[in-house]
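The chain below stands alone and is given in structure tokens; this is the form predicted alone.
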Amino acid sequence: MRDAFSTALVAAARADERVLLLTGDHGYALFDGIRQACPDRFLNAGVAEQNMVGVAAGLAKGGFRPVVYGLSAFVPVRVLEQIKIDVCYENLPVLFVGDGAGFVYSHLGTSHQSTEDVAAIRAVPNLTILSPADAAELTACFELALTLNGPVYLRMGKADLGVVHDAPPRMTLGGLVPVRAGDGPLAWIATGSMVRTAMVAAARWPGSAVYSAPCLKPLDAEEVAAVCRRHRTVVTVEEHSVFGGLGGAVAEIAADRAPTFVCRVGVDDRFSEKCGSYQYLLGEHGLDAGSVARRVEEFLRRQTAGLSWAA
């Protein structure tokens, strides 16, 4: 996914001289391409992310299309106030790229793990939030982001959990991307790294429909409501807190427009207990495919028991 980001960035910079990159002392090898192609449009702002966002805002007001790169634990969380006031308040076209979402930087501990970034920024007006599932979705998301005349946060997760698409899918702002058709009682809506995991876990329930949600804000409420009406239970899966992310957004839409059961699978309200590999932390937080399936089984068991009591 990072290679796809670098390729998309270089292509955008070559096509549009207004596109430039700012980084807070990160990603040197990742940016070899743009440094070679457009050396005058690579700016290292140093370990001063708040100032970097202010510089990006000024460049955007001057007619540039800044791309601000950082770890998702720092961009957008450390710079939330600057994103809100400097960029979103004036609806400036700045693309924020948060790399290493979720548990990607597992060995570096809680300071570098990012499971609350979407929740932190979902309530900020004017900000679009994109969360691609693989390299193909990232390419589509990057292209979409540069067509928008406002601020965007693009969340990059783990790249090696498997391919979802053979080619960049057709994307509309806010729309779901169908991954697997199905008319069974379960529909799965996943985002980012968890789309591939949802595909594997959903195989236990033949007829499950699986959707990717590469756009978390806006999220097409009519399309999500239609999914809720077609299926008895909607399972959301994300490498993010169960509060304030995809699951929360889907539950809000269901409550307003098409009440149904929503099983939110994500990170519970706690920090990691230990450091370890990426796969270890997915297991600790119940986000490997086997654990996700077991969490859904438990939800369905309680759901069935609840219906029996109601009867």
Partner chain sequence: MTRFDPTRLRATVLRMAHAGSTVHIGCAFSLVEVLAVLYRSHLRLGAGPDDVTRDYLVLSKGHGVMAQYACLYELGWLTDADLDRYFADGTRLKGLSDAHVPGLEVTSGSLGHGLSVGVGLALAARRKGTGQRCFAVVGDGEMNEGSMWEALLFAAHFKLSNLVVVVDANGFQAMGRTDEVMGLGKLADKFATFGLHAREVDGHDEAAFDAAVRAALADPEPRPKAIVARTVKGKGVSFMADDNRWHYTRLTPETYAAAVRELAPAAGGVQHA
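Every value quoted in this text rests on a predicted model; they were computed, and no experiment measured them. Positions refer to the first chain, counted from 1.
What comes next is about the form predicted in complex with its partner chain, which does not appear here.
Please state whether all three residues L20, Q50 and I85 have a non-hydrogen atom within 4.5 angstroms of its partner chain in the predicted bound form.
Every listed residue reaches its partner chain in the predicted bound form, so yes.
Among I34, A251, L59, A258, which has at least one heavy atom within 4.5 Å of its partner chain in the predicted bound form?
None of the other options qualify; the answer is L59.
Which residue, E81, D183, E222, D166, is the contact with its partner chain in the predicted bound form, using a 4.5 Å heavy atom cutoff?
Only one listed residue qualifies here, and that residue is E81.
In the predicted bound form, does N44 come within 4.5 Å of its partner chain, counting heavy atoms only?
Contact check for N44: yes, within 4.5 Å of its partner chain in the predicted bound form.
Taking the shortest heavy atom distance, is V242 within 4.5 Å of its partner chain in the predicted bound form?
Contact with its partner chain, no.
Report yes if any heavy atom of C263 sits within 4.5 Å of a heavy atom of its partner chain in the predicted bound form; otherwise report no.
Close contact is absent here: in the predicted bound form, C263 is far from its partner chain, nothing within 4.5 Å, heavy atoms only.
Would you classify E90 as touching its partner chain in the predicted bound form, given a 4.5 Å non-hydrogen atom cut-off?
Close contact exists here: in the predicted bound form, E90 approaches its partner chain to within 4.5 Å, heavy atoms only.
66-74, 51-59, 242-250, 272-280: which one contacts its partner chain in the predicted bound form at 4.5 Å, heavy atom to heavy atom?
Among the candidates, contact is made by 51-59.
With the partner left out here, which residues of 228-243 have a non-hydrogen atom within 4.5 Å of its partner chain in the predicted bound form?
Contacts from 228-243: none.
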